[in-house]
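Given as structure tokens, the chain that follows is alone and in the form predicted alone.
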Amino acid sequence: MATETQGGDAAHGEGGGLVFHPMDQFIVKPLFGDGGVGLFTVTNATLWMALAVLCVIGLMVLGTSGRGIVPGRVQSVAELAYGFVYKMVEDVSGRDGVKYFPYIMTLFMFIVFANFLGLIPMAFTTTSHFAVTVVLALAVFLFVTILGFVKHGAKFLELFWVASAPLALRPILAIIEVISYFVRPVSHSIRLAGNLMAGHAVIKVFAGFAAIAAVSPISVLAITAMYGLEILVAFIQAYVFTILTCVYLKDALHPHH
């Protein structure tokens, strides 16, 4: 769940102190009933991922269906997002990477909508869960790796061989390059989920302190500042995830050091 700014989030413990549970907002719960979460259970995470997909369809498909010469607000936003991601792919991955633009555009739009939907009070931030971000990162990792071998065959392994380095150092650098390559999906996923989880947890803590009259004004100011920062983080993390995807795609298309 996203930030909840209700005083009820701060409960009094047995010793008279306030007890906060800022991580409770990340618990995956069944949408219907109180049973356990199974493989096919419809959960709060399922709901908010589906809403993110519907938002992407609403903006990019329904919002541009009219295709007016003078675009309306929704069409303008859709065209701005399209041009922004297209230029990113072209600048980072080169002209060869433009053919993979639909996949990268889909990634960016899903992540950015999931991030922003998570800022709605009582919502669930799906991209704060490693189960979601790991799947996205692994999909990118497998995609660029398979693409590299399909396009270049064994020559793709030249990505790990630093030909410009002294000969004696090349085997050591090759080992480092291989390790760093396989660490990519780990850092790719943790960066997105970790930043969102940390920001939402901090806001929840400040929301709990807002129940105390003495610190309430300070907490409200802190929540407002953190919320503004989280709006920025929601976009930046989607941008970082996407631009790293473009960098990895460039390595697959042009593996030579």
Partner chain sequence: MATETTAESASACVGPNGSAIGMPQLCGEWVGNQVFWLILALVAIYFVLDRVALPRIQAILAERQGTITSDLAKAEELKAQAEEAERAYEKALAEARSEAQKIAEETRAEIRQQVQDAQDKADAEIAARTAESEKQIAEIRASALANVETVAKDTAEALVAALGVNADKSALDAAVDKRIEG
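What you see is a predicted model; the values in this text were computed from it and never measured. Residue numbers count along the first chain shown, from 1.
Keep in mind that the form predicted in complex with its partner chain is missing from the display, and what follows is about it.
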query	finding
Met226, Val205, Val220, Val56 - the one with a heavy atom within 4.5 Å of its partner chain in the model of the complex	Val56
One residue of Pro171, Gly94, Gly153, Pro102 in contact with its partner chain, assessed in the model of the complex (non-hydrogen atom, 4.5 angstroms)	Pro102
Non-hydrogen atom contact Ala78 with its partner chain in the model of the complex at 4.5 angstroms	yes
4.5 Å heavy atom contact, Ser65 to its partner chain in the model of the complex	yes
Partner proximity in the model of the complex: Val89 to its partner chain, non-hydrogen atom cutoff 4.5 Å	no
Distance check, Met197 to its partner chain in the model of the complex, heavy atom within 4.5 Å	yes
Sequence-ordered residues of 37 to 57 touching its partner chain in the model of the complex, heavy atom within 4.5 Å	Val37, Gly38, Leu39, Phe40, Thr41, Val42, Thr43, Ala45, Thr46, Met49, Val53, Val56, Ile57
